[in-house]
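A single chain comes next, written as structure tokens; it is the form predicted on its own.
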């Protein structure tokens, strides 16, 4: 029986440093998306040593160096790629440039850790798959909404231990706040560099479905996009939804959008529902709406033992990042298989490419 706060059940499972300081050296390059900060902090918390950083924009380099004092400022990307001490390069380039960066990193004999979405076209995916086969290097992806949210980590543990039986269906909701135009780069509003909403933030939803349902592949039954409220940027998708059917018969539906209202105390009310044969899990990842405190990481578990609400913050840590470091040393796949990372990307790209456009004619 799971304790009400989850602590007893998870005793000994909390993640932490997996190596001694200086054993695993990594660098950061191309800082176009703010996820690079979460990626970097998580690797450091797992025991990694950040050596250097590069970005063509001096301001982005300066901001990063303030956040991670003591980091060396590389003179160019090649300085990082040529550094024999650097084992892994973490990057958050413009979305359609992430694959090219990864190819350069792997050609230099290093493992690659990129922000999601890891690429925007199937031809890029083919090139990445070939490079992984040829070089033996890793092309890992920061699917943060499962890997870097403790209630999402806890959900995976509960599923693995059979507390809701066999997973039948996963439903996900990934609303985001768009903020002011001045806070977004020009590439954000264009489909080719950003990949589109199903390729970009939809990749979170597809990856967590594959993971929770234990699916290795799926077919896309429905994909839709729209620009409902941003006619001045016609290439921008502010809404998308998608339905998938897994190879083993499980189902998935998700909705992603840029319509988080200003009155919400966080950037998005992300939620996930997981139905199993013996129970179900609901996650309210980032906020408990209308509660006194704007806290996230709420997990609800209902099964034959009853109903439980678990506040998952501080319970599990984030084991993916330590596992990734160990995988880089041992050439294993405990953090995530390479095929899983690529399959989530493939399905996201396919969904975007086949999506029906619901944008009203007046807005096109």
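Numbering follows the first chain given and starts at 1. Keep in mind that this is a model prediction, so the values were computed, not measured.
Keep in mind that the form predicted together with a further copy of the same chain is missing from the display, and what follows is about it.
- Residue 306 belongs to the set of residues with a heavy atom inside 4.5 Å of a further copy of the same chain in the predicted complex.
- a further copy of the same chain is not drawn, but in the predicted complex it has no heavy atom within 4.5 Å of residue 68.
- a further copy of the same chain in the predicted complex is not approached by residue 136, whose heavy atoms all lie more than 4.5 angstroms from it.
- In the predicted complex, none of the heavy atoms of residue 50 sits within 4.5 Å of a heavy atom of a further copy of the same chain.
- Only one of the listed residues (129, 224, 190, 87) places a non-hydrogen atom within 4.5 angstroms of a further copy of the same chain in the predicted complex, and that residue is 224.
- Just one of 97, 83, 288, 77 comes within 4.5 Å of a further copy of the same chain in the predicted complex, counting any heavy atom, and that one is 288.
- Residues of just one listed stretch (181-189, 194-202, 140-148, 278-286) have heavy atoms within 4.5 Å of a further copy of the same chain in the predicted complex: 278-286.
- Contact annotation for 251-271: residues with any non-hydrogen atom within 4.5 angstroms of a further copy of the same chain in the predicted complex are 251, 252, 253, 255, 257, 259, 261, 262, 263, 264, 265, 269, 271, listed in sequence order.
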